[in-house]
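The chain below stands alone and is given in structure tokens; this is the form predicted alone.
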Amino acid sequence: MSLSGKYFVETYGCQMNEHDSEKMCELMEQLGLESGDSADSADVVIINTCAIREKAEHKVHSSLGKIRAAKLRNPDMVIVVAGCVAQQQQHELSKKFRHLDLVLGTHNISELPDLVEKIRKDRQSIIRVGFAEDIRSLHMTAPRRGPRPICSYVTIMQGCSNFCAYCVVPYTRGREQSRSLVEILEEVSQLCSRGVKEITLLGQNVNAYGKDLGNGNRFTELLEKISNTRGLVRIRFTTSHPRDFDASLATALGSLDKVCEHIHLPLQSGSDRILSSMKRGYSFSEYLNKIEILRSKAPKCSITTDIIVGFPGESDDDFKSTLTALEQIRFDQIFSFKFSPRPGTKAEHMADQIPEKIKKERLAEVHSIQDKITQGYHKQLEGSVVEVLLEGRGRQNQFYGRTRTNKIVNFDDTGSYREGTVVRVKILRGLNHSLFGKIV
């Protein structure tokens, strides 16, 4: 059956969610629908959600509230909530938002076209959130949409088996499932034949790739194989768990020409006591040792991280240990958050929850220290010449791209260069969050 009309997808959360949305767009177009500009005028509206932070959940509820009026004007509209919030709050969403037609879990994306058709036919809402031993959507391919068409995502695995005390991922995306090496290589080759120059490999914990397959394949082997793909210029990946990080990955970052010198390695806290309470599976000294190995084998590698402040029981001394860690390691950039209890996690009901006021103060102090470190790195680059992959136009109609170390560079004139071209750029100014330069 083919449908007519338009669809609209609204996405919250990480790159994994972005790529899941691309897959849903592909499925909607196979169904006969065209991409629309807004939810108000669409026939199928999909809200793809994230449950890692409370703020993302609030956005979902707000979007569902706003779209109620459009549903009244167009009763045939099908409203879908997908992703982690759908997996986690399936019944609460259906009860609170009576105009919601479909709650779609993270393992059920491939069923979307059939379920939309069934809702159109039967006029009944559906909840589909079951976990599968083999996630069909994990094997789907979908081209990059919107800006940066020369960059694309490839999912290599889904789920996580670590069960950190604060994290919902094992409950909303299930345990780790890896794709076969052959299947991944075929998708990368296919994308590059269409003009893609940069691939970002996705997984909740890419370092654990292949462990569940039992065939000896590992993440570093995958990087080596992908590096042989014709037409491919750059390889990135996200995200990595420190517990599974080893010297072989550090070696790959330092030796494989197509693998960009950047890794996101979430620390979360500088306190051993808090790391233990978080169930992270490593101490700060063990983490620091991995950083030292990384910098010895890949000295050009930039390192970014995640920091959580205000985890239950975090004392002033625990927090000071985190500040000391920032000064000692000197990350290129961090993503820092106030702890918010996620439903169903061990941390939700832990004693000694930290007051919101203290969490805000600690977050501000983390930002103050890290901003100076990041600005220092950017200032050091002034006058240097870096390699930039030209990706497109950004704000103020400037062209932009990223260095191999994942730093954004803006410049005014590309001359005759096209998107996908690797250019040499002299850095003129190191700004707070980006670089400005000119092509040389």
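Residue positions are given as counts along the sequence shown, with the first one as 1. Since this is a predicted model, take the numbers as computed values, not measurements.
The same protein has a further form, the form predicted together with a small molecule, not shown here; the description that follows concerns it.
Chemist: Could you tell me which of 115-123, 253-261, 91-99, 238-246 sits within 4.5 Å of the small molecule in the predicted bound form, going by non-hydrogen atoms?
Modeler: It is 238-246 that comes within 4.5 Å of the partner.
Chemist: Please state whether all three residues 204, 280 and 337 have a non-hydrogen atom within 4.5 angstroms of the small molecule in the predicted bound form.
Modeler: Every listed residue reaches the small molecule in the predicted bound form, so yes.
Chemist: Of 268, 220, 200, 333, which one comes within 4.5 Å of the small molecule in the predicted bound form, counting heavy atoms only?
Modeler: When the small molecule is considered in the predicted bound form, the option within 4.5 Å is 268.
Chemist: Looking at 179, 71, 290, 342, which is the one with a non-hydrogen atom within 4.5 Å of the small molecule in the predicted bound form?
Modeler: By the 4.5 Å criterion, the partner-contacting residue is 342.
Chemist: In the predicted bound form, does residue 319 have a heavy atom within 4.5 Å of the small molecule?
Modeler: No, residue 319 sits far enough from the small molecule in the predicted bound form that none of its heavy atoms falls within 4.5 Å.
Chemist: Going by a heavy atom distance of 4.5 Å, is residue 53 a contact of the small molecule in the predicted bound form?
Modeler: Within the cut-off, so yes.
Chemist: Is the gap between residue 80 and the small molecule in the predicted bound form 4.5 Å or less for some heavy atom pair?
Modeler: Close contact is absent here: in the predicted bound form, residue 80 is far from the small molecule, nothing within 4.5 Å, heavy atoms only.
Chemist: Though only this chain appears here, would residue 153 touch the small molecule in the predicted bound form if you measure heavy atom gaps against 4.5 Å?
Modeler: No.
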